[in-house]
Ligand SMILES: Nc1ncnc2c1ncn2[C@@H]1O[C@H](COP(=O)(O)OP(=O)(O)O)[C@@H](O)[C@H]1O
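Quick setup: one chain, the form predicted alone, written in structure tokens, and binding and motion questions come after.
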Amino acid sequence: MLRKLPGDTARDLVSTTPDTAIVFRPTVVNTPAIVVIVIALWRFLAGIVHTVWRHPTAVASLLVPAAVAVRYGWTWAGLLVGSVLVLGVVWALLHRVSFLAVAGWRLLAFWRWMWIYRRHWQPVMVIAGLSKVMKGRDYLPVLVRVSCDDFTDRVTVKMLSGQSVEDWAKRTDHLAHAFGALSCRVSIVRAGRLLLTFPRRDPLATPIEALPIPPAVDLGAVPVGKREDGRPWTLKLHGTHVLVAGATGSGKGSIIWSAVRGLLPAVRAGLVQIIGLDPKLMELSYGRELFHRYASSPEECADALEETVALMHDRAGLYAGHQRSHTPSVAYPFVLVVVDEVAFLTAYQTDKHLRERVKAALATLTTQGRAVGVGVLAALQDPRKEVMSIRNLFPDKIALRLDESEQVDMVLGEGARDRGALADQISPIPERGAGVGFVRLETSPDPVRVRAAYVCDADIHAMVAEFASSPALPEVPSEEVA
């Protein structure tokens, strides 16, 4: 126990036991004034060098007019600044992309570094509990760099020695509110350095129309929507399995139909076969003609899954000793099993025998299907373990709007919500939140915010009219594997 001894100074502490009392008197070291001055000067010069190195465009825009004013007077400096402003406006109007890439984002990053982040850095770090005090001195994480784009600020931070990613992930709400952002997400740059992403506005606030059907299909990057950074969101389907979880009306159908839409040219070429399992008889029935096989009743779904397992085993036997990965071909197309509401088959099915058949088939496909060209795209509403016991067998996961914060980590893995995957806070209003979610891939622990394009009924009917007239070729048996 520590207590203050009467008559001692405020810094004297005493440790007492029933028999002893030991006073700890910290040694006060008087630093010479010259050392303090040298350290302060060194920090000042280092700060100048760092600012010039990180923000050369902004520094030049300040120093050059000042130098002209000193050498030639304020009139010439004003003319220079005015000319540069006029040229900048003309440049921005004629070719906005190049202007932003060369100067615009750099100037914005300097402004936000100086006015938003640098100015408030110390109090935010202290109040959020991310600074440390040792021997009477404050130690702060280092604000390394700020960069900007259309929608976000990306702040690179050097952590204090001994800090972990979890220390920052648990304080994302504090950081977002402190710096006036919509949210904050934490990712690792390298050992000891983090990237904090602060959205300034939401580029996913409005629905996205159905994407054009691509002329060629890349099974490793099927376009399904847009990422928060403005780039296209592509979904890997070949060589993985994808689980989509979300509450009613969260937009699971948008992901399913966007994926199907992106695969149609390969379906027409006979390189892809899609098996649609629709136990609710609602979502996939609109375009049942697009599927190589469509099943709705529990018995039909179980049969389709078991036949796919048999096909998988046949391929594995042919591939054994010849090849370890699958290349889509007309003889051996990529087979994608799409299940609209998998919980209807694995948890809510009253027939125990059918339920066990479905569970066994799905477990077999998700553990052995990737290498032989069989993938599973499954959607469900309730991600609890008792509802979907094999959810961890899906390498890639997508969390749309969820009802509870605990469900986020159930879907995306432990710590995903702390890193900014706030799927439980997605708007329930369809125009704002349907199709919005967070993706966590097998290759990266960092969640990415995305929005799937909305494929309406008219789009599905148009897809059927264009592609159902040329159905995919059936699988051709072969004795040899090329």
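Note that the structure is predicted; figures quoted are calculated from it, not measured. Start at 1 and count along the sequence shown; that's the residue number.
FYI, the form predicted in complex with this ligand isn't displayed, but the following is about it.
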Checklist outcome for this item: Of Pro223, Pro298, Pro207, Pro203, the only residue with a heavy atom within 4.5 Å of this ligand in the predicted bound form is Pro207
Item to check | The unique member of Gly230, Gly249, Pro214, Pro123 whose heavy atoms fall within 4.5 Å of this ligand in the predicted bound form | outcome: Gly249
Item to check | Interface stretch in the predicted bound form with this ligand - options 35-43, 452-460, 62-70, 419-427, non-hydrogen atom within 4.5 Å | outcome: 452-460
Item to check | Contact flag, Gly435 vs this ligand in the predicted bound form, heavy atom cut 4.5 Å | outcome: yes
Checklist entry - Are any of the heavy atoms in Gly253 no more than 4.5 Å from a heavy atom of this ligand in the predicted bound form? => result yes
Item to check | this ligand contact at Asp153 in the predicted bound form, heavy atom, 4.5 Å | outcome: no
Checklist entry - Is there a non-hydrogen atom of Asp396 within 4.5 angstroms of a non-hydrogen atom of this ligand in the predicted bound form? => result no
Next on the checklist: At 4.5 Å, heavy atom to heavy atom, what parts of 154-186 sit next to this ligand in the predicted bound form? List them in sequence order, or say none.
Outcome noted: none
